[in-house]
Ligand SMILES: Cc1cc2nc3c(=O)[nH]c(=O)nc-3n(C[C@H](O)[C@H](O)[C@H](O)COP(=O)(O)OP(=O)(O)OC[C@H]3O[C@@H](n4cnc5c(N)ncnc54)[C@H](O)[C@@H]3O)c2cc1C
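Only one chain is included here, represented as structure tokens and corresponding to the form predicted on its own.
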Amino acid sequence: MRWDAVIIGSGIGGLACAGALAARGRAVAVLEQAAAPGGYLSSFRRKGFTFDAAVDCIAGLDPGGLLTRLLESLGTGDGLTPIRLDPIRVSRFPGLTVHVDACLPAYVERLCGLFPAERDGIAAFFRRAAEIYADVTGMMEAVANASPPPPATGALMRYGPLTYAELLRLDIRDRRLAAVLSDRCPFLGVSPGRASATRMVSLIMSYFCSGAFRPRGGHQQIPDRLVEGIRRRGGEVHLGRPATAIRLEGDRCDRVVTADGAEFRAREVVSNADVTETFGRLVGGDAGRAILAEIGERPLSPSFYVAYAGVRRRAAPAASSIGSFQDFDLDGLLGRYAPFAGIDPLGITIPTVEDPGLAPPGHDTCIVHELIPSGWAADWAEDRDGVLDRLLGKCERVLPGLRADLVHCEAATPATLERYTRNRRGAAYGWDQTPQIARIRHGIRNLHLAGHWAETGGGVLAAAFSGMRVAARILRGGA
């Protein structure tokens, strides 16, 4: 048979694309090299603890949200219980701890109380942020309905060339307030002075307007239900079945070959894989090398070292998402950091605050994220125990006595993330999330890119949006 679309990779971008097509009656097949779907959105269990592999929280699970509508279109929305976080995060700075309220007006009032001289600037900044996010929601509405995208005008065009620091400087004067408003820059793995203003605002505003959520039972619930819905609509999802080649006929894809020699003939091919994987290995040959040469050497996003700790509960944490910063100079902290140094920023997720079923009674799951610059040279196996102990020691600044309460602990390095996802160097967000990300022009008429290697940027909602945008393009006949 000839599939309407063959999707390579079951990260959220690939699954969102496959789900949007399957919901509208298209015949789709998903090929995934790993044993479980979801990519960075996956979860795993150890000794009674459930750990989310890489993601803290996501937007899009509110009523009418992009992911909610996708699940509902596949008939699997009822099986998911989203938990909305409030506060979204607690950010710790020297002498200042800020709760990020789920309600935007409450958060604005909190900031005005902490920085009264900046009241007008705070209001002006969030007016600009609302304008940007209004354009973003218009685009999300279009892809949810598989309708043509709105014209590229308005706030996204005005602020698109700016870094997030440049956007802040339009309204904010207090460097401490600028740091507080930049507390989620680690969610894109880049400093305020390099982060795309529109991508950073889209992430922040999505948590206020849609909500910051975790699914009860762990993030794995989302890819599992998408797979269930795709199969329910007649699609196929093949786990542990890696694609090995994309065969071309002229300037079009003809079929995808898997490691076991099977061939999936396709009208359209969607790659949710790393760009080098897609063109260097799967397309391959002179055509693939020429495309990679045209793309050039774009900078990759950082990766993470992630510690997964099961601990005895000593006291209730202040929040389930905590950011710790030893300085208000986030450009310095995020732009020139050496991993595991004492002053580096730290992210801690304790999902059992809202979802106690992820751990045995009287225990918590604690996930600690340390950013690792792309290309950071380390022999992770050689100093595995020492690195983990240094990270847990840093974590004790926020959670005193953590190491004494450990029941289980293991870690994922950038090499681990690369092995499971095939993202080069374990890149957490694909390309570096700067304003310069642009669509890759490759000349293969029916080959589409989805996920965080596409031009929409990193993060779960952005990657899902990219996949649904590809689906909308295919449903419109490739327009």
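For every residue, the number given is its place in the sequence shown, counted from 1. Because the structure is a prediction, the values reported are computed rather than measured.
The same protein also has a form predicted in complex with the ligand, omitted here; what follows describes it.
- Remark: all three candidate residues (Tyr40, Glu277 and Ala463) come within 4.5 Å of the ligand in the predicted complex, counting heavy atoms only.
- Contact between Ala18 and the ligand in the predicted complex is not found at the 4.5 Å heavy atom cutoff.
- When contacts are judged by a 4.5 Å heavy atom cut-off, Phe44 does not count as touching the ligand in the predicted complex.
- The ligand is not shown here, and in the predicted complex it never comes within 4.5 Å of any heavy atom of Pro339.
- Contact check for Ala29: no non-hydrogen atom falls within 4.5 Å of the ligand in the predicted complex.
- Comment: 268 to 276 is the region of 229 to 237, 396 to 404, 268 to 276, 167 to 175 lying near the ligand in the predicted complex, near meaning a non-hydrogen atom within 4.5 Å.
- Within 4.5 angstroms of the ligand in the predicted complex, the stretch 206 to 236 places a non-hydrogen atom from Tyr207 alone.
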